[in-house]
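We begin with a single chain expressed as structure tokens, specifically the form predicted alone.
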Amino acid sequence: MPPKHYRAPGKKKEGNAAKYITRTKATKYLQVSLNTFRKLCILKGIFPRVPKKKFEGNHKTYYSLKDITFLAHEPLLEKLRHKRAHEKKVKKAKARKNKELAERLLNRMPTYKLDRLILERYPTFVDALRDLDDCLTMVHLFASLPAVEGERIQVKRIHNCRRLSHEWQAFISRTHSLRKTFISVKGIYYQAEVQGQKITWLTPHALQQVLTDDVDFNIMLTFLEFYETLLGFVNFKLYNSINVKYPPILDPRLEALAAELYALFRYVATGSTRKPAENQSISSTEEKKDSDEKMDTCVNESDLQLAQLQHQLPSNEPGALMQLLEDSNNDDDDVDQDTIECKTLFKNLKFFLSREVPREALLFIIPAFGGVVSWEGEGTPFEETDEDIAYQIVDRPTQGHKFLSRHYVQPQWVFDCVNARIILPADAYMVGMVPPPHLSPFVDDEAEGYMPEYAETIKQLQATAKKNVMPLPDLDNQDLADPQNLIADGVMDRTQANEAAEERRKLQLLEKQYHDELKMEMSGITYSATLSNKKSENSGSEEMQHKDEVVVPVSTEKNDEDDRAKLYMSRKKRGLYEAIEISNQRKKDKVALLKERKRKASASKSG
């Protein structure tokens, strides 16, 4: 008798065996090592699959056979093979102690580009923006690592990551696209909105990072290689969208002072105001040579614009020419309301950062919301003694010298103002005080069913700033769904409540009468006997009549309806419904626990 999975020779494979292939067979089919196979899969975006039936055991890793067939014809595979052969030549030359040949071979190491793979994986720019979360997190992580020679990570890779991350932050800050920030134990979370896509990434805290042996840096460096290319393309596209030349050329003085982000802000701010046709050349010698030609072209362009504007100018309106000029240079026509709010949050406010605060995070956030920021050191926009400074960010127990014309606040105040979209009172964030709880903007309090006390305070401040009427306190979505709760709280009018109660009582009486008549008809009681029984019933007291009226509770009716609905469900839907009920019950228990903790904390404070 043949074995269970016996297949006659010459017969084609069927089912999962024909659709999937194990990793060991895939490496043998491609004739590559495991490290090269992993690198190919990461760069091409090929991931393992889970077939319904694992025909070679559960301990195997399976891939789609179609993906492996595509990999066999990948041009990058040939490049990697050439590179591996070249590395063998270098190794052989070093073993023979032929240093000249080894150096010559190292200088001629074959290279490859990932431009074509970027276009294959992301046909449109929106696709690249959707997949940018992990890319930004990885690039910001490597940008914070120590750039030390002799480590497992090359110094130029870390400098490149730092440059790409600063270019991204400069664009987000210039276009005021930042929406949410949150400080956590892992780092600082940011969320920006670029061309309608919400992008969330995590940056580590500005602490000394140590490279551990628990992490396989070879795999992470392969991901980083792809993400560096992707972020470079995205930055190029975004910078061109605001008429700024890419890559940016920074001020060498600021770059030497480790103020690359501020230098990028200045470059983007000056570059985005120029028209693409009016971009100046970089070298001063070329500027001197072409100055006369540029003056002529500028005069011609200005004459052409003036003629066009005079053609559109109404003759009877005195300031129309200036208005048209402002409209032609205004870039905020197509900006949504959210961007306008972010742009004007810290407008006309000056901030100064003390040396102990996280400078890069605040230097990124404050300009993104319209503020002007400076810090201690050389190359700063203004000094600490500037009288126009409104807020100084301090993170120390006490502050020695104080200026009476400014507020001294902790860094959390900036993050809370950004999330609330209003200028919060600085009294709770003063130096030496315990700040209020830092609430996450990524949590929906209404959906969770619990509103923290400070969140309610922020809502009231937001309503006061917008001059809106606040909703009634302690009003839940469940109360709005059940009008009985609103009647009890006095939200609904008393006459309307009485009318609703009367109609409900009448319906219950009619339903009871119908059931009684149906029972009498089944028992064979005549109509005359019914009339005589009615007279005796009418002579009864009103108390007995109210006792006979049985009001079914709403909760019991709802439970009965749920039970009846469960009977008509399939097993799969019933299990899903029960899982939803368990999840809702856990959420209610969590809310009850939070309320109990809040009650105990308030009792301990008062006691």
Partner chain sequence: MGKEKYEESSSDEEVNSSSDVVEASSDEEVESSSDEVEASSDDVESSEDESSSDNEKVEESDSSEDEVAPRNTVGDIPLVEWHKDEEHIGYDIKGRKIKKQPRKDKLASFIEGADDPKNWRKIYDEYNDEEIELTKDEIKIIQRVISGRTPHAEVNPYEDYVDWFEYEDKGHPLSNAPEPKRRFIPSKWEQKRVANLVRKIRAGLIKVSDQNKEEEHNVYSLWTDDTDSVENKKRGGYVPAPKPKLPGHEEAYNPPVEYIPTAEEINSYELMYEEDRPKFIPRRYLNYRSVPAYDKGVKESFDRCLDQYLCPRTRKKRINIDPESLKPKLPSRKDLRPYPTTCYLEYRGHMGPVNCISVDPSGQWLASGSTDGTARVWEIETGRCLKIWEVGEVARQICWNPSPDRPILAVVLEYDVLLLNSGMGDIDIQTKMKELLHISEPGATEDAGDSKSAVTWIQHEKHDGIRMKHFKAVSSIEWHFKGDYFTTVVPSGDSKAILLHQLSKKHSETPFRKLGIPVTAVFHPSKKKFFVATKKFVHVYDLSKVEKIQKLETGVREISSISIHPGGENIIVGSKEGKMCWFDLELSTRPYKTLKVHSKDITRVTFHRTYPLFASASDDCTAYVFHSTVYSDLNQNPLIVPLEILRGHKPEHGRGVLDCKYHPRQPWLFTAGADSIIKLYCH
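Residue numbers count along the first chain shown, from 1. This one's a predicted model, so the numbers in the text were calculated from it and none came from an experiment. Basically, rigid core = biggest C-alpha set you can superpose within 1.5 Å across the two forms.
Keep in mind that the form predicted in complex with the partner chain is not shown, yet the notes after this line are about it.
Undergrad: So which of 86-94, 208-216, 417-425, 368-376 is the stretch with heavy atoms within 4.5 Å of the partner chain in the predicted bound form?
TA: So the stretch in question is 208-216.
Undergrad: Just give me the single entry in 513, 464, 348, 124 that has a non-hydrogen atom within 4.5 angstroms of the partner chain in the predicted bound form.
TA: Flagged contact: 124.
Undergrad: If you check 82, 343, 198, 245 against the partner chain in the predicted bound form, which one has a heavy atom within 4.5 Å?
TA: Result of the distance check: 198.
Undergrad: Contact with the partner chain in the predicted bound form for residue 459, defined as at least one heavy atom pair within 4.5 Å: yes or no?
TA: The answer is no: residue 459 has no heavy atom within 4.5 Å of the partner chain.
Undergrad: Report whether the minimum heavy atom distance between residue 387 and the partner chain in the predicted bound form is within 4.5 Å.
TA: Contact check for residue 387: no, nothing within 4.5 Å of the partner chain in the predicted bound form.
Undergrad: Taking any heavy atom pair closer than or equal to 4.5 Å as contact, tell me whether residue 170 reaches the partner chain in the predicted bound form.
TA: No, no contact at 4.5 Å.
Undergrad: Answer for residue 564 alone: is it within 4.5 Å of the partner chain in the predicted bound form, judged on heavy atom distances?
TA: Judged by the heavy-atom cut-off of 4.5 Å, residue 564 is in contact with the partner chain in the predicted bound form.
Undergrad: Taking 15, 59 and 151 together, does each of them reach the partner chain in the predicted bound form with some heavy atom inside 4.5 Å?
TA: No, because 15, 59 and 151 lack any heavy atom that approaches the partner chain to within 4.5 Å in the predicted bound form.
Undergrad: What residues, if any, in 27-65 have a non-hydrogen atom within 4.5 angstroms of the partner chain in the predicted bound form?
TA: If the 4.5 Å heavy-atom criterion is applied to the partner chain in the predicted bound form, 27-65 yields 38, 42, 44, 45, 46, 47, 48, 49, 50, 63.
Undergrad: For a quick test of reading the superposition: does residue 47 move by 2 Å or more at the CA between this form and the one not shown, rigid core aligned?
TA: The answer is no; the displacement is under 2 Å.
Undergrad: By the 2 angstroms cut-off, has the C-alpha of residue 574 moved between this form and the one not shown once the rigid core is superposed?
TA: Yes, the C-alpha position differs by at least 2 Å between this form and the one not shown.
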